[in-house]
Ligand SMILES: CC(C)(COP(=O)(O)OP(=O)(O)OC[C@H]1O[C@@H](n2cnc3c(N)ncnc32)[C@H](O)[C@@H]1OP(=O)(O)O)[C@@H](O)C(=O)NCCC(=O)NCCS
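Only one chain is included here, represented as structure tokens and corresponding to the form predicted on its own.
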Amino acid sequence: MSHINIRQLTFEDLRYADALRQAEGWNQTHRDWERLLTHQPEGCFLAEWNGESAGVVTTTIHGGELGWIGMMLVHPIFRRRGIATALIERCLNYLEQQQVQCIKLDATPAGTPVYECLGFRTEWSWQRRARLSDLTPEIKTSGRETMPEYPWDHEVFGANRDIWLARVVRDSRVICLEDGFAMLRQGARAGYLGPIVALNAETAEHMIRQLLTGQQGDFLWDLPAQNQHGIELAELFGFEVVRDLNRMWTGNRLIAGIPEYQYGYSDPGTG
């Protein structure tokens, strides 16, 4: 008889979820949890073991066809009991019910074989880079409530994420140009650079330089390893590799996007 119960995550559960996040040292904030749950209220889940909260996971759908699984966290005392697998399976069932064509997640090299057993395949690799100074930055938002329309971002990212970008922009310092956009926002322990999309190298460098100028503190930057110019910019601005990860997918078809134009992710849990 199973001891696991999976139910929908609620706003009342976010204090517990963020405590798990904090214990793992992840950079998301309580505001990030709120954004995730607001965007996909029926697609975020909490696992219980014998009635006690044990783990959480989120999903994010972009354009009705591309789904993301993220924020997978299981409390240490409940690990190795099948809870993570049960949470992933609930996410897969939910996304399939929503008729999502492609499902993605980001995995460490150690976690990649686990997801392969669940039917995921590696799409590409990416790097987490950091610029550290032992200070937590204080990032002021731009006060924007909306984003300009970028029809070309649908092809670059692989799906229409306009609704998600409109949510992220409210909490970010943002630059919006005709051929690119870039955001910088507050994290729990470091500023987070992304999402960043640029159709040419000059625009990418201009936006990143403008966002980082005058900013002090620790910063994280996640970007595809295929974007060679992005890697060169990261090194130019003093960001060093701290982790390599794999972007993985499953589903009816791969929705690929164009990594060469993606200079930064919005979050590993959402793409």
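Throughout, we count residues from 1 along the sequence that is shown. Source: prediction; values computed, not measured.
What follows is about the form predicted in complex with this ligand, which we do not show.
With the partner removed from view, the residue among Ser125, Thr136, Gln101, Thr85 that has a non-hydrogen atom within 4.5 Å of this ligand in the predicted complex turns out to be Thr85. Among Ala130, Met72, Leu177, Ala201, the residue placing a heavy atom within 4.5 Å of this ligand in the predicted complex is Met72.
Although the partner is absent from this view, Trp26 contacts this ligand in the predicted complex, with a non-hydrogen atom inside 4.5 angstroms.
Mapping the unseen interface onto this chain, Arg144 falls outside it, with no heavy atom inside 4.5 Å of this ligand in the predicted complex. The closest non-hydrogen atom of Lys140 lies beyond 4.5 Å of this ligand in the predicted complex. In the predicted complex, Ala159 stays away from this ligand, with no heavy atom inside 4.5 Å.
Stretch-level contact analysis of 151 to 159, 111 to 119, 90 to 98, 189 to 197 against this ligand in the predicted complex, using heavy atoms and a 4.5 Å limit, identifies 111 to 119.
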